[in-house]
Each structure stands twice: as structure tokens, then as C-alpha cells.
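Next up: just one chain, as C-alpha cells, the form predicted alone.
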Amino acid sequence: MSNPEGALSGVRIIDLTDERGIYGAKLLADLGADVVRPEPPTGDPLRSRGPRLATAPEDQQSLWFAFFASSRRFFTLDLSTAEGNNQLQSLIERASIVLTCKDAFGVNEAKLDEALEKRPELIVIDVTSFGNEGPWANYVSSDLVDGALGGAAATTGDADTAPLKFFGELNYMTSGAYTAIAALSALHHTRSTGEGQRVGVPVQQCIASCLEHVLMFYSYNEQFASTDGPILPRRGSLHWSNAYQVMQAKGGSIMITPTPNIEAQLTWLIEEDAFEDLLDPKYMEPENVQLLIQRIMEVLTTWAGEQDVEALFLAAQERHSPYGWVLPIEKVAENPQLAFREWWQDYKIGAETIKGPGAPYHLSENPWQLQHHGHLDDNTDDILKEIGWTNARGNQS
């Protein structure tokens, strides 16, 4: 492929992750790192995850795997044999970074404590549900449980309903992003000092660290009049500040906020002759900020209900107001903003090409590129030669 080298070109990574960290491996691989993912002779169990494309070869049918395992080389490894264990050690000896998830394939056999003693410049990122120590260290979990115990689920749903499950596996997408951040931070440190490190990434703590508004209320609830205790109640689509709300317009729903420029929003309402009593001087008093927010959201609710949802959204875009048109998932593929950002990329699945998500970032000088995932055993012979096995099925040179 003739694409220019990515930001992580030359960085060798061994990917021993499961669902909790595989997104982090993807982020690094798509930035140009040489990411090798060992899998058992029977194939990575994640290759069977749905949804599936029935017309593709069996080991490439998983659309989930096509996304999360992009840009990687795959290495069949039989850890029931001495040769397989030696090959794993050879891979680690040549790696800059090893990404692990507790109890994932190859992690227990990797002997990473010994590897770190031999190579102090090595970076190891350990992803766990609850950390490697403590009373929950050995608990088996899931995306739903990790999200609930991390505090995310408690913020969803209305006050009179049960908490909601996030779409897909958003909690593991979060821990995957933290996995990539940890790896990049450690790599920067190693390049600056020559010292490697072992970094723990507990999913539960990743989730908790994202809940800035929840922690804010817990720590400073006495300074907020809108809560009567340290626990923020579930509020549906209503943001903790009350300044973001999903409202009903003609033809659909739209998320409306007067922030970050309340004065500009007020000017818009004046132009529409829909400002009602918002020019009352009492709303300009600093101590009445919450009262202003409450009243302007009431006025916006009435006004939005008389507007066509698409026209309102486009008008907000022209004014740089961050309204969000609430669309069903099938409409997301038609979003012109995503198209403008070249979000949709071609994924080759067997003999077919489908559209899938692209880069979650744009780097001005370091290109992102999508390399397609391969068949089981595609890269084994080449990798064995790289680590010194001239016979691809066992003999070390």
C-alpha cells in the first residue's frame, strides 16, 4: 500500500486484548503501529461476534471484528506446545508495547514480569475490570456491569425508571480509548527517559473518571441549589446544568442549548419576536443565573415546538449554535457533517466492500489509514520468519 507512514510507524505492539482493550489496539494500529495479534489455532473467539456478513468467508464474517481488529497482522499461536510459548516470548522480545487484558489469550503465558526485568524499556498496559489488586480483582464482569459499577448507568433514565444500558459497548470503547492514551503516554516517557513502565487501566476507574458532572455534584453539592444531596438523580435527557435539553419540534426532536453564547441566543429570539419576558432586568443579575437558564429553556421549548426540526437545525448551524438534531440510527449514515469529514470508510469484508466508521480524530501532519483485517493465519509465516523461525511450523533458525 502506498499510503504515507503514520505517526506510530516503527512502533511494534503485541495485542493480547479482549473487548475491554481491543479498541485501544485499533487506535494505535490505524496510526501506523505494527500491531501483531496472536490467536489460537481455532481462531480468535472475537471473530464470531455479530453482526455478521453471511456472504464472507467464515473467519471474516464478523463486522464487529472487521472494525475493532483493523490494521493488524494475525499470528496463529499454539500455546499448548513449547514452540508456541517460545514464539510468544520471541514476539515480546521484539515489541515496544504489549497490550493485555486480564485472562485474555496469551496473557498468562506471556511472562511479562520476566520480560520487564530483561528489557526495562518495555511498556506493558494491563486492562482489567477492577484492577489487579483489591477484593474485586478476580471478579468476572461485562460491559454492562463495569458501566454500572463505574457509575455511568446511574446517570441514565428518568427518575421513575430503571437505569438504561448504553448503546453497544460504550464502556469498553471508553476503556479502549484510555488504553491507547496510556500506551502513548508511556511511549513518550520511554522516548524521553529510556524507561519503560507497566500501567494499569481498570475499566471501572475509566468510567468513573469520565463522570465529571457526577463527581462535581458529589463534591460541591452544597453550592448547587438544584440538588438536595451528593447523588445526582437520573434526569432523562436533561443535562446537570439544565442548559441542554431535548425538545420537540415539528417533525422530530432536537437538542437545544443557549450555551456557549447566551447573548447570541437571546438576540436570535428577539429577531424571531419570541423572547417573551427575557429582557426583564432581573435576569441580568449575577445571582439570577439559574433563574435565567430556567426561563430561557422554557421560552425555547415553546418556540422550538413551532419550528420545523430540520429548518431549525440548519438555522442553528448557520449561527454556530450547537443544536443537535435527534436522528434515528439509520439516518446517521446520511449525515452531511460526517460525510464532509470523510467519516465513512471502505471496509473490505471477503469479496465485498461496505461502509464503516473512520478516524475519530484528524491530525494535520500524521495520516490515519485503515488497513483491512485478514484471514486467520494470513500473516503467521511472515511473522515467524521475522522472529527467527525459518520453518513456519516449528523450527527455530
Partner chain sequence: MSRPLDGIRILDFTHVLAGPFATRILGDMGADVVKVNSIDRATGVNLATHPYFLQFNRNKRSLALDMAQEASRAISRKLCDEADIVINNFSVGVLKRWGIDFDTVAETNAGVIYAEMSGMGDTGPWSKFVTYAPTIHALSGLTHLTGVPGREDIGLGFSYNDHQAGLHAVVAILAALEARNRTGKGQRIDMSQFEVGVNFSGPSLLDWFANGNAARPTGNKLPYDHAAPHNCYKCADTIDDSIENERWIAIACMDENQWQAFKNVMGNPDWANSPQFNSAAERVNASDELDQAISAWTLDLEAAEVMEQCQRAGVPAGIVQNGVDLIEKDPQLAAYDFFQPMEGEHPEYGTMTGDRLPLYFSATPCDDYPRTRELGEDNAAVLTDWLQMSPEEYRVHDESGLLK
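Here, rigid core means the biggest group of C-alpha atoms that superpose within 1.5 Å across both forms. Numbering follows the first chain given and starts at 1. All figures in this text were calculated on a predicted structure; none of them were measured in a lab.
Just so it is clear, the following notes concern the form predicted together with the partner chain, a form of the same protein that is not shown.
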property	result
Exercise: E287 in contact with the partner chain in the predicted bound form, heavy atom 4.5 Å	no
Contact test in the predicted bound form: A82 vs the partner chain, heavy atoms, 4.5 Å	no
Contact of P135 with the partner chain in the predicted bound form (heavy atom, 4.5 Å)	yes
Residue contact check: L363 to the partner chain in the predicted bound form, 4.5 Å heavy atom	yes
Listed range touching the partner chain, judged in the predicted bound form by heavy atoms within 4.5 Å, from 274-282, 289-297, 84-92, 194-202	194-202
Single option in I270, A311, I231, A264 placed near the partner chain in the predicted bound form, where near means a heavy atom within 4.5 Å	I231
Sequence-ordered list of residues in 118-132 near the partner chain in the predicted bound form, where near means a heavy atom within 4.5 Å	F130, G131, N132
Did L238 shift 2 Å or more between this form and the one not shown, C-alpha, core superposed	no
C-alpha of V289 moved at least 2 Å between this form and the one not shown on rigid core	yes
Did H213 shift 2 Å or more between this form and the one not shown, C-alpha, core superposed	no
